[in-house]
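One chain comes next, on its own, written as structure tokens: the form predicted on its own.
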């Protein structure tokens, strides 16, 4: 039995299309999200990620196709869907003149909690997202990052089994981004299923086991990250050695295209995939035979980055990234 056969699929889209003014923002999108773990919806700005999420949460009706979330149609059965889903939109709507705690208590009461239970739950969640000391702060006076954490707290109020987070680290400083990503990992370890949308590849790679890559409304590929990068090899490699000039000359002698960076430490070596194994053996051998220290020998680009760039913009994006890297930018 394969993984896909044994896993319970809690979200499924079939040929979903969404038009705005006769322009397809999402086109024939078919995607499965299994129960448990973190699924990353990855794509550049304007790829259709937020529109997809709004359809999953019933905020938008698809122009065509079918969506199922826990067996419900999110457009016609939104109340049933949102009993199980916590949602952090890209732009959160909050009561700006209220304090953080009163805003969340109001929402918790709407969800059916008593006043006492609402205050207790809200304080737990505010501490969990790292702004417990700001419960009496007026929302309009909070920073963008603090409001983002408040939105995350709102998504967690009903203790949902499925979290949908649209750009959850937007507006956060580096420390805040790390905190929130660790928090998302904690939620996943508690058995929750999480869909996180982002255009920041390193963040997706850090916490997700599965991804879907979307661009111009099309799902380009989807699956486990380990499967997507299994047979991906880069063409450019970075080598840090104690004798870069000497190694550079040796590489010229064996017909490898190489280039010294301006600081004389990094070497860019273009490797023909047909000679991949030979290349990986050659560099350590040259350094060993000449008693040069080999500090670093790695592909210039992460395999997932290579997959992403080749799919999203195969003609220019990856080539420009390599060109920029060679210029030392």
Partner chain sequence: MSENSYKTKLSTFNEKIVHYLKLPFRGPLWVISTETFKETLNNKRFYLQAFVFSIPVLFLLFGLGSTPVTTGSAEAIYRAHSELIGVFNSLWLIWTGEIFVFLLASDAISGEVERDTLKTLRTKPIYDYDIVYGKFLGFSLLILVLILPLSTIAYYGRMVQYGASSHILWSSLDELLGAIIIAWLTLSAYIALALVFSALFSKSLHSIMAGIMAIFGTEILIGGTGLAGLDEYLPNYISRNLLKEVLYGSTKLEEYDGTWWISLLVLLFINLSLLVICHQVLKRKELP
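Quick caveat, the model's predicted, so the values are computed rather than measured. Residue numbers count along the first chain shown, from 1.
Although not depicted, the form predicted together with the partner chain is the subject of the following passage.
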Considering only heavy atoms, tell me if residue 71 and the partner chain come within 4.5 Å of each other in the predicted bound form.
-> no
Using a 4.5 Å heavy atom cut-off, state whether residue 161 contacts the partner chain in the predicted bound form.
-> no
State yes or no: in the predicted bound form, is some non-hydrogen atom of residue 80 no more than 4.5 angstroms from a non-hydrogen atom of the partner chain?
-> yes
Although the partner chain is absent from this view, report whether residue 223 comes within 4.5 Å of it in the predicted bound form, heavy atoms only.
-> no
Consider the chain as shown here, without its partner, and state which of 178, 144, 110, 200 has a heavy atom within 4.5 Å of the partner chain in the predicted bound form.
-> 110
Which listed residue (154, 241, 169, 193) meets the criterion of a heavy atom within 4.5 Å of the partner chain in the predicted bound form?
-> 154
Going by heavy atoms within 4.5 Å, which of 283-291, 298-306, 54-62, 41-49 lines up against the partner chain in the predicted bound form?
-> 54-62
